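Shown here is one chain on its own, the form predicted on its own, set out as structure tokens.
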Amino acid sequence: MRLSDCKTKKEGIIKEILESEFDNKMLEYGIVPGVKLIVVSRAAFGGPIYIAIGAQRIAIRKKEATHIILE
């Protein structure tokens, strides 16, 4: 399942990150395979998806979230 398709309050473990121009940005945020995340909320009208990785909160554009595959 892609992160962009997840509902609010959904938990998952990152299985894979598909190649994109956002690879380095995701690495800097700690978005790497094997990390557990929670979808905190989703903005309306295709806006950002807010996720939590540990104590860190991150907003990811829907375009970027389509490259993150969860188990």
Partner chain sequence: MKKLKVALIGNPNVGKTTLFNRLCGVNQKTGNYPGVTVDKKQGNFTHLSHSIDVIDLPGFDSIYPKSLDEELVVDFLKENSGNSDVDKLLFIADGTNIKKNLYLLSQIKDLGYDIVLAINMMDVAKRKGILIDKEAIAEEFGVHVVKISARKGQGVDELKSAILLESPEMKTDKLIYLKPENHGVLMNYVKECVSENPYKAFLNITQENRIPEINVKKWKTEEAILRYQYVRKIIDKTIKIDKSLASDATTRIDRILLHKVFGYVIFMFVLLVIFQSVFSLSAYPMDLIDQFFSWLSGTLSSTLPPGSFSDLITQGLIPGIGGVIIFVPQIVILFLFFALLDESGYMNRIIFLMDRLMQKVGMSGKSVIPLISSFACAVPAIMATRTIENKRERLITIMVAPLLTCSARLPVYTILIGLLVPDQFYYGISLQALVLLAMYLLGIFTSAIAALVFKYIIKNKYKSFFITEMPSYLVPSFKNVMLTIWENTKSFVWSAGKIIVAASIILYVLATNGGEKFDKAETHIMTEFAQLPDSKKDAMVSTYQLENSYLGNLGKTIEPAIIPLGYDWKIGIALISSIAAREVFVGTMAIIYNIDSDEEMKITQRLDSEINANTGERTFNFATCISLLLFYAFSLQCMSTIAVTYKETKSFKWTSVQFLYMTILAYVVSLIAYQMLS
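Numbering follows the first chain given and starts at 1. Given the structure is predicted, the values throughout are model-derived calculations rather than measurements.
Unshown form predicted in complex with its partner chain; subsequent notes refer to it.
Proximity of residue 21 to its partner chain in the predicted bound form falls within the 4.5 Å heavy atom cutoff. Its partner chain is not drawn, but in the predicted bound form it has no heavy atom within 4.5 Å of residue 15. Residues 47, 48, 49, 50, 53, 55, 56, 57, 58, 59, 60, 61, 63 are the members of 47 to 63 with a non-hydrogen atom no more than 4.5 angstroms from its partner chain in the predicted bound form.
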